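Coming up is one lone chain in structure tokens, specifically the form predicted on its own.
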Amino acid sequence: MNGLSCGTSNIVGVRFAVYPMADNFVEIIKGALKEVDTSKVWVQTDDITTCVRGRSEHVFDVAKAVFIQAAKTGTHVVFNGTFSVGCPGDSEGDTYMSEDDIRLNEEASRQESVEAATHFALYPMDNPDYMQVIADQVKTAEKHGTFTKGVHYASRLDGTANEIFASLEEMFVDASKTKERAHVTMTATISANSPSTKDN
């Protein structure tokens, strides 16, 4: 990897896709994106996913806002994303790291109460104490009141989208601080307005 080591960048990123389960999915996705202010992050979209990069607070702010704007339509919507920090060689878009900490979409997101369910998995890379790091972050979700249970290859969170993203962000950021120059990734599948119940 050209001599690069893990944890060489403070840039946080997420690559995600939003899937509205409706015939007018294009309208829902475009409508959600139109309502979200992305001026404090680096954004690139292709025919598969969208990549958002910058400071952690703005990356989570944008990801949450896109999901909430799509889910508030009442359509069954699924967000599938991978968050990362400390990726070797991640330098493009460094200018966004100088932005202030004011979240541009927080007020609009807070006005919506969208119930959601999540499966997430945390991966502290190159950390021999990774199991303890994961266990500690599950306690964070328990503190937030969003942790429901462990499932195969993931853990489940339930609550409003605002509560779930707050849990995900705190766990992710805290995990990245457990080792100097840490490389941490986290996967999250978030569902709202599902016709299935969590007991099914």
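Predicted, not measured: the structure shown is a model, and the values here were computed from it. Just count from 1 along the sequence shown to find any residue number.
Note that the form predicted in complex with another copy of the chain isn't included here; everything after this is about it.
Student: Is residue 128 a contact residue for another copy of the chain in the predicted bound form, using a 4.5 Å heavy atom cut-off?
Tutor: Yes, contact at 4.5 Å.
Student: Within a 4.5 Å heavy atom cut-off, is residue 156 in contact with another copy of the chain in the predicted bound form?
Tutor: Residue 156: yes, in contact with another copy of the chain in the predicted bound form.
Student: Can you work out whether residue 103 and another copy of the chain are in contact in the predicted bound form, taking contact to mean some heavy atom pair no more than 4.5 Å apart?
Tutor: Residue 103: no, not in contact with another copy of the chain in the predicted bound form.
Student: Any of the heavy atoms of residue 96 lying within 4.5 Å of another copy of the chain in the predicted bound form?
Tutor: Residue 96: no contact with another copy of the chain in the predicted bound form.
Student: Across 109-125, which residues bring a heavy atom to within 4.5 Å of another copy of the chain in the predicted bound form?
Tutor: 117, 118, 119, 123, 124, 125 sit within 4.5 Å of the partner.
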